[in-house]
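Coming up is one lone chain in structure tokens, specifically the form predicted alone.
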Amino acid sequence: MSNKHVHAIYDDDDKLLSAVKHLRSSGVSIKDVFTPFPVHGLDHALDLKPTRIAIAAFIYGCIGLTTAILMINYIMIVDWPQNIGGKPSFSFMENLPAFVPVIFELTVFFAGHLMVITFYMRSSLWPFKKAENPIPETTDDKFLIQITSFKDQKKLMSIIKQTDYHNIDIIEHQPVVAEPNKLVNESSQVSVGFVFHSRKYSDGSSNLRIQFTKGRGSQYAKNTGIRIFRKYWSSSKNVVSTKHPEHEKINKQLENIKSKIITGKEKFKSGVISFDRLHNYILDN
């Protein structure tokens, strides 16, 4: 039995936030959201419970405070009392003003370090752990909504298409039956989408590029030869708006490219084209 996941990809944090609100209001259950940076208001849109790390920080601070008091009392009062500057005072309370810096630093030390350890343990993060983000672009400039539980795929797709999405991927996981002496290719999935070059020309226009991604680590981008202003681009339909003076000509080029993307991905899956040469098939005239 196959297990399908739907990945709705966005190229702007405002579009993502609006999409999350729309999906939740439509009754869609969101499994997770991947972003390259914290998005203000996303936790409220997802109705996430408030973090309890502040409670843990208070407890860790109390542990540090107690440790500091017991340690410095034993060292300076019980075990080795000293006559400093001709002012002997062999009680903790009399020396308390001098002990404040040590007590404060240990309180902060325990709270800070144990908070970090708790965060990594709670998040299941440890050295050399393999990344779990579905696509590498979520560490750069893309935002992804992962939906794993749904009954009607057509209805779900129609709801997502009402948002200003960049791309939609349907990932189908098939159970793998282990066979002796047979290796399973985990990088058979390839994603191809339109992106703008981060560098703009002096007039404000940018090169429209195609980004190729395989698995979780291999990625490169190639120019399509189309240079436009971003305000004319519709990311939900991957077309140039009618406000552009040459929209018919450019959209005809884009339709040709999009049809080649579909056939190119099929050729890659069948092994006819390698990932490094996929752009040659799509962009060569």
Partner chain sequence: MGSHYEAPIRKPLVTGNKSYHQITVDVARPIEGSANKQWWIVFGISLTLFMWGIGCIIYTVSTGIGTWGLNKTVGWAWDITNFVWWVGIGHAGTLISAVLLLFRQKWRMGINRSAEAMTIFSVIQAGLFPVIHMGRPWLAYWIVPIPNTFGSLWVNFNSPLLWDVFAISTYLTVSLVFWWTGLLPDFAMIRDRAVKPFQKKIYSLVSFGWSGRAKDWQRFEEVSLVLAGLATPLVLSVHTIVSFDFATSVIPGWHTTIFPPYFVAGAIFSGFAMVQTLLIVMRKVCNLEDYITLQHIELMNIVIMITGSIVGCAYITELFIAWYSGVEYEQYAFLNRATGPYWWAYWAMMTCNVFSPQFMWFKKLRTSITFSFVISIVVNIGMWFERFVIIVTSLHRDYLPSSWTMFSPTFVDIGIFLGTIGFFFVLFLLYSRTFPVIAQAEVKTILKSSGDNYKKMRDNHVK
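C-alpha atoms forming the largest set that superposes within 1.5 Å between two forms make up the rigid core. Since the model is a prediction, treat every value here as computed from it, not as a measurement. Numbering follows the first chain given and starts at 1.
Keep in mind that the form predicted in complex with the partner chain is missing from the display, and what follows is about it.
Engineer: If you check in the model of the complex, is residue 72 within 4.5 Å of the partner chain, heavy atoms only?
Structural biologist: Yes.
Engineer: Applying a 4.5 Å heavy atom distance criterion, does residue 204 contact the partner chain in the model of the complex?
Structural biologist: Outside the cut-off, so no.
Engineer: Does at least one non-hydrogen atom of residue 151 fall within 4.5 angstroms of the partner chain in the model of the complex?
Structural biologist: Result no; residue 151 lies far from the partner chain in the model of the complex.
Engineer: State yes or no: in the model of the complex, is some non-hydrogen atom of residue 63 no more than 4.5 angstroms from a non-hydrogen atom of the partner chain?
Structural biologist: Residue-level check for residue 63: no, no contact with the partner chain.
Engineer: The partner chain isn't shown here, but in the model of the complex which of 46, 28, 228, 257 has a heavy atom within 4.5 Å of it?
Structural biologist: Only one option qualifies, and that one is 46.
Engineer: Can you tell me which bits of 24 to 60 touch the partner chain in the model of the complex, meaning any heavy atom within 4.5 Å?
Structural biologist: Residues within 4.5 Å: 32, 33, 34, 35, 36, 37, 38, 42, 43, 46, 48, 49, 50, 51, 53, 54, 57.
Engineer: Could you check whether the CA atom of residue 35 moves 2 Å or more between the shown form and the other one, using the rigid core for the fit?
Structural biologist: Comparing forms between the shown form and the other one, the residue 35 CA shifts below 2 Å.
Engineer: Would you say residue 49 moves between the shown form and the other one, meaning its CA shifts by 2 Å or more once the core is fitted?
Structural biologist: Residue 49 C-alpha, core-superposed: shift of less than 2 Å.
Engineer: Superposed on the rigid core, does the Cα of residue 205 end up 2 angstroms or more away between the shown form and the other one?
Structural biologist: Result for residue 205: yes, a 2 Å-plus shift.
Engineer: Relative to what we see here, could you say if residue 12 and residue 204 have their Cα atoms closer or farther apart in the model of the complex, with a change of 3 Å or more?
Structural biologist: Relative to the displayed form, residue 12 and residue 204 move farther apart in the model of the complex - a change of at least 3 Å between their C-alphas.
Engineer: Between residue 237 and residue 29, does the Cα distance in the model of the complex come out closer or farther than in this form, changing by 3 Å or more?
Structural biologist: The answer is farther, because the C-alphas of residue 237 and residue 29 separate from each other in the model of the complex by 3 Å or more.
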